[in-house]
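Shown here is one chain on its own, the form predicted alone, set out as structure tokens.
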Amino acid sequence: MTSKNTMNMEKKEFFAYEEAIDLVKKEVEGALTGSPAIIREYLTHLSLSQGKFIRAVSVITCAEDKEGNIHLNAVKIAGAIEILHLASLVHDDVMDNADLRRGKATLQKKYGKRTAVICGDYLLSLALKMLSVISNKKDYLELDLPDYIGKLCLGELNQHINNKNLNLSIFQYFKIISGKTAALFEASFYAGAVIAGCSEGETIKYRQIGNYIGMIFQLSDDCIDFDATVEEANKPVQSDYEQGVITLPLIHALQENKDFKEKAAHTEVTREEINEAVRKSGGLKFTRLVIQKYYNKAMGRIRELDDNSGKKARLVNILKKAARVV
């Protein structure tokens, strides 16, 4: 079914930046609240806890052409990627048994796990449907979004397989988060660059920037679990290890403190013991140094882009949000 927003959009082909961002939000809202009656209540609940649309903003920013215009297809792809991201969060919350997401009760908490899983699956189908209405599809054959969906799923599975793996290496962890988090960021930057008609060389740079920002986003999230309150994070904190998830600050602590690793392998360790091990080993400092390295790489690539200063400034703003730089 074609939404009113889509019909109105199709009367125009190009949009200014702010207008395009507003249209993406309306498109996502319309897709959620205008869904079939049997699922509408659940998706409407999800619409109340939407995030900052950072992936959609990435698509729109990268899709801006030399004249400052953004094609309608960028709006459609940005909306689809946001829906994909939302589907992954719904499934994440089921796996983590999470009660809170963005300050609101999770779908699985409010309606149950079975309903949440089905809704997550439906969101995936909804995203693919949104992609199906893109015009001039032949121009985007190189943009293989299903491949990125696969990377996301494999990243999540890899994390699940390595739950409670105290021997998880930094390399293995980077492989996990390059799929579960960085893949959709890379897809967002890549899609925008393709729509903007960037050269092959420029498109590669955009993909790299998206990957770096995705890695930064997850590593920053790792730090939040240790140094933010529930109110600040709008989601559960001090809970990654309790869910079996081993993140970089803890990996560093386990590598630096063999006694702590030995104890964790044979007995239940308390949150206080985990926090103390991470503090003593400098786990957060180490993670922030890694974030800084990715930040510098992304900044270097942004400076190399053949784009106007306004577009570069928006890219830098996305980078700073990912790294939580005020």
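All residue numbers refer to positions in the sequence shown, first residue = 1. Given the structure is predicted, the values throughout are model-derived calculations rather than measurements.
Quick note: we don't show the form predicted together with a small molecule, though the next part is all about it.
Taking the partner from the other structure, the small molecule in the model of the complex has a heavy atom within 4.5 Å of a heavy atom of I149. Although the partner is absent here, Q108 sits far enough away that none of its heavy atoms falls within 4.5 Å of the small molecule in the model of the complex. Mapping the unseen interface onto this chain, L284 falls outside it, with no heavy atom inside 4.5 Å of the small molecule in the model of the complex. By the criterion of a heavy atom within 4.5 Å, A253 is excluded from the residues contacting the small molecule in the model of the complex. This chain appears without its partner; in the model of the complex, the one residue of L248, A87, V245, A196 with a heavy atom within 4.5 Å of the small molecule is A87.
Just one of R207, K180, K76, H71 comes within 4.5 Å of the small molecule in the model of the complex, counting any heavy atom, and that one is K180.
The stretch from 46-54, 268-276, 296-304, 28-36 that comes within 4.5 Å of the small molecule in the model of the complex, counting heavy atoms only, is 46-54.
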